[in-house]
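Just the one chain here, the form predicted alone, laid out as structure tokens.
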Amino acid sequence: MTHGATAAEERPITPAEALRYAQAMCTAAGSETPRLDGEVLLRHVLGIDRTTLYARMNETMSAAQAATFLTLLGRRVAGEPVAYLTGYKEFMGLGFGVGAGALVPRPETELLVEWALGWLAEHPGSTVVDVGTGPGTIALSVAALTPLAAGVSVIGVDVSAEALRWAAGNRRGLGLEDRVALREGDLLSGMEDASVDLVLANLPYLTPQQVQENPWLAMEPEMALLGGEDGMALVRRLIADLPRVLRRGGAVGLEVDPSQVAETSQLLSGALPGAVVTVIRDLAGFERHVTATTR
């Protein structure tokens, strides 16, 4: 099975063979998840779930399916995110449409949402703002997974009109038009008319060097990745503006690079005197999220 060959030149192949080939190609290209990449693309092309895929591993794929798979695999090897190729990414058990102009949701961000859901369970009636909402990952997950009876109001803010178009599409797809408001604005500047109880943000926090060193980020929007020379520019601005919008007894949850946790914690303590600041480790054991609860 050679990439670039026409369907007529290919002998019939099975999903098992296609997966082995994809794993080898993605491994050679430097993917951290080569088998998963191949599996997701196969499921997308065949239109089946994971269980069905493994039950049909030795069946023959059609020439059209094989050709489509090879095309998508070639784009993946060239650095295009799998989620862009399928147009879909699962997050917190929910389906999000993603593509050019939208940051692909990462699994580590689920821990921030889980923390937020726990906080909201103890603070019904709260207003939540997701700053830098992108395709609406955090805002829509919080709204979808918080009981309607809790009376939680959610706002997603982003400076990118393109990202907000993705968020609006996902809001519609999840049936959350009445529960999530979307606003265009630079960080908390879009919140001039409201105060909030919970601020959540997964802002761009990578440095130019980090982005340059990771070719797999090349096709995602730079503005959703870069946080200035040291990655902290947007985080600093957001924290400095928190006292203006955060109600007494409110809380903040931020996702940052592990190298930025100490400074983020210090900034939160300075901006919110008396707040209880905590750090949450991601599934790999790295310090990833910093939270602050005010009194």
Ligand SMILES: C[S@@+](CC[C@H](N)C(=O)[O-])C[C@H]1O[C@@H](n2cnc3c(N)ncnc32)[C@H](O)[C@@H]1O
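Numbers follow the displayed sequence, beginning with 1. Note that the structure is a prediction, hence the values are computed from the model and not measured.
If you look for the form predicted in complex with this ligand, you will not find it shown, but the lines that follow are about it.
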item: Interface stretch in the predicted complex with this ligand - options 120-128, 167-175, 136-144, 209-217, non-hydrogen atom within 4.5 Å; value: 136-144
item: This ligand in the predicted complex: contacted by all of R236, G253 and L267, heavy atom 4.5 Å; value: no
item: Contact test in the predicted complex: V196 vs this ligand, heavy atoms, 4.5 Å; value: no
item: Partner contact for V180 in the predicted complex: this ligand, 4.5 angstroms, heavy atom; value: no
item: Contact test in the predicted complex: D186 vs this ligand, heavy atoms, 4.5 Å; value: yes
item: Proximity of G190 to this ligand in the predicted complex, heavy atoms at 4.5 Å; value: no
item: Contact residue in the predicted complex, chosen from V77, L94, L111, M223 - any heavy atom within 4.5 Å of this ligand; value: M223
item: Heavy atom within 4.5 Å of this ligand in the predicted complex - residue from V152, L203, A83, L73; value: L203
item: Residues in 83-106 with any heavy atom within 4.5 Å of this ligand in the predicted complex; value: L103, P105
